[in-house]
Ligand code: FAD
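Below sits a lone chain in structure tokens, taken as the form predicted alone.
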Amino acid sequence: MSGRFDVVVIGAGPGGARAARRCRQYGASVAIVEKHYFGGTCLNYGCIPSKALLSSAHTLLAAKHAAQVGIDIPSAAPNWPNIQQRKDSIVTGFRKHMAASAEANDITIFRGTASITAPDTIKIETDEKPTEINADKIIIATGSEPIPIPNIPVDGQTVIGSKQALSLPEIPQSMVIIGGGVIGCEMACIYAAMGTKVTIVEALAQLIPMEEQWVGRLIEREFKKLGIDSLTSCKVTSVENTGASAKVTLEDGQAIDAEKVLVSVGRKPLVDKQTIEALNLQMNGQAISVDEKMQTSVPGVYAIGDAVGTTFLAHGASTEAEVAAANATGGDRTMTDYSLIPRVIFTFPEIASVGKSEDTCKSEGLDVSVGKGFFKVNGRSVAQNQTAGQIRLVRENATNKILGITMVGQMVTELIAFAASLINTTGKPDITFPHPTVSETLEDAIEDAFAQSS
């Protein structure tokens, strides 16, 4: 199969699939090239399977703590094969839906590994024979891959990556997680709930180091309640893999034995070298450099998602896809302020933030007031026995604008999209919050922030 298309998208993850669909809706002829499965890392090895496992973990914890809300459950234990089967079924269902949706929208699908050999030419390697297609415009959405630690090889059995951690055949007795970022902390919650003894080792001073210090402190405190040990400001010097288990040695000489070691220190853009060289692409380290229209240094070639190394978020890639698709089909759109893209982490409790943090504001020399709301005094949260966490809202004193909101607590990932609509609004929002709801904690933070105005 060959041909010429108005737009060719390389990569069928959340960003690539969105870009292809939107270009087709704009009237362009579109092809999409995918070397593995539709949905990319997010659907197949990230967002969706991890949320399925987190849902099982959350239900298990609720059952174990049911006596606290007056319900007697004699026993609650994980059925790991059934948990895994449910997770796989969810992933497979969405994967089929994404491919079917592309076909229904008259998007031509190519299965294989793509490399760009010229600004209008894509070579596709398949199991059979290579093929070549042409395009007026190209959108690169090739995603990312885990960052390796040179002296800690991943064998996929004892020393594992996040992909293997989602599909372990059995629940391990113990696990050391190297890296206290998003993936590491979410996986810690899953396995701690299942009964695994989890230890997180983080080189930086706090868990979730991309968020504010108070978030890291709060999460570490709540993790202790789950039985998770957090070793921050601590580096791993070596991992001795014996096959059945491993010994993790820290820089202070401490050694930890564990059945599994999960290496989870982040991800890096995945861009094939042949494409970089053929197009002489301008790079920003390992990421593709793009302008505000998501166009690369080569006119007509765009890049989005993890390949450009901006957010490493599926919804960030989707936002970039909207911009790239519009411009690739003759439009004129620019990328939004990245701080307005919400950041969400599905730990126990959840974390969500948008806009500027208090620390960022202070580093920029802004005079701000911080309003706080606490779930422990929220009626719905108390009724549901979910009282951990708080919401902080940052208001700039000079302009009276809301600059940022950070939340830790029950279902805050569902609340943050609404909170994002408040960023950069001036004055106290005129909103009636329904009672009793968790959202009233945000109301408390708003009231507290604006009560501090002179």
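One rule holds for the numbers: they count along the sequence shown, beginning at 1. This is a predicted model, so every value here is computed, not measured.
There is also a form predicted in complex with this ligand; it is not shown, and the following applies to it.
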Contact with this ligand in the predicted complex for K51, defined as at least one heavy atom pair within 4.5 Å: yes or no?
yes
So in the predicted complex, does any heavy atom of K35 sit within 4.5 Å of this ligand?
yes
Quick one: does V290 come within 4.5 Å of this ligand in the predicted complex, counting heavy atoms only?
no
Are any of the heavy atoms in R380 no more than 4.5 Å from a heavy atom of this ligand in the predicted complex?
no
Thinking of this ligand in the predicted complex, which stretch from 356-364, 80-88, 278-286, 135-143 has heavy atoms inside 4.5 Å of it?
135-143
Exactly one of L415, I423, A388, C42 comes within 4.5 Å of this ligand in the predicted complex through a heavy atom, and that residue is C42
Tell me, which of G112, G195, G331, G300 has a heavy atom within 4.5 angstroms of this ligand in the predicted complex?
G112
Just give me the residues of 218-238, first to last, that have a heavy atom within 4.5 Å of this ligand in the predicted complex.
none
